[in-house]
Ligand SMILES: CC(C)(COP(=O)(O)OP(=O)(O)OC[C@H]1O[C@@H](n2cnc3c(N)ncnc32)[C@H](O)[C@@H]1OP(=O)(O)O)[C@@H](O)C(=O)NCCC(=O)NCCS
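Next up: just one chain, as structure tokens, the form predicted on its own.
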């Protein structure tokens, strides 16, 4: 199946050596979608969730092609996340009708996480912040970037999602939004720092800092973290 017609461009939030492909759900034709087998966990899912899974795999396959891995598509790991082909690392994200995948060679990258978050209403942003962001984080982003509350919350959650997707495959355990903090968000460089507040493994202890990149485009916030080997 040819994937070229579906490739679109979104903000780059990862280094140039990472392959990044994005598209909208409606851009995938039914024949291509139906050719992608669903794993058992998705057989009873809503049609929209099934389509999001398939579009994510198309994006991932195209991203793998761009680094020289042809005819491959990530399977599903036992924890529900993508199981990437040997020698690669990657990340897939869905936000409303928007889907993106990022892939890199493992020799270059030890961890990779990408996320897209919609900027919601103020009411919903307050609800999300109560579970995933501290007051200090939110007002720090608002002050540094001169953005509104909902945009700040979306950026913090997107950054923490990227961190989770980046580290979870390495540490083999789950952790919560509040187990990390987002700080030093700078508009001039479009970068942020994510600091661990707990020990996840001997290699990832509390206080460890990783740097990510962000972009605010329209009604979405895009974030990415790539850890070079």
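Positions refer to the first chain, counted from 1. All values reported here derive from a predicted model rather than from experimental measurement.
Not on display, but discussed next: the form predicted together with the named molecule.
- Contact annotation: residue 185 falls outside 4.5 Å of the named molecule in the predicted complex, judged by heavy atom distances.
- Residue contact check for residue 201: none of its heavy atoms lie within 4.5 Å of the named molecule in the predicted complex.
- Mapping the unseen interface onto this chain, residue 79 counts among the residues with a heavy atom inside 4.5 Å of the named molecule in the predicted complex.
- Proximity of residue 180 to the named molecule in the predicted complex: non-hydrogen atoms within 4.5 Å are present.
- Interface residue among 133, 92, 152, 104, judged by heavy atoms within 4.5 Å of the named molecule in the predicted complex: 92.
- Listed stretches are 168-176, 29-37, 185-193, 65-73; the contact stretch with the named molecule in the predicted complex is 168-176, by a heavy atom cutoff of 4.5 Å.
- Annotation for 146-165: interface residues with the named molecule in the predicted complex are 160, 161, 163, 164, 165 [heavy atom within 4.5 Å].
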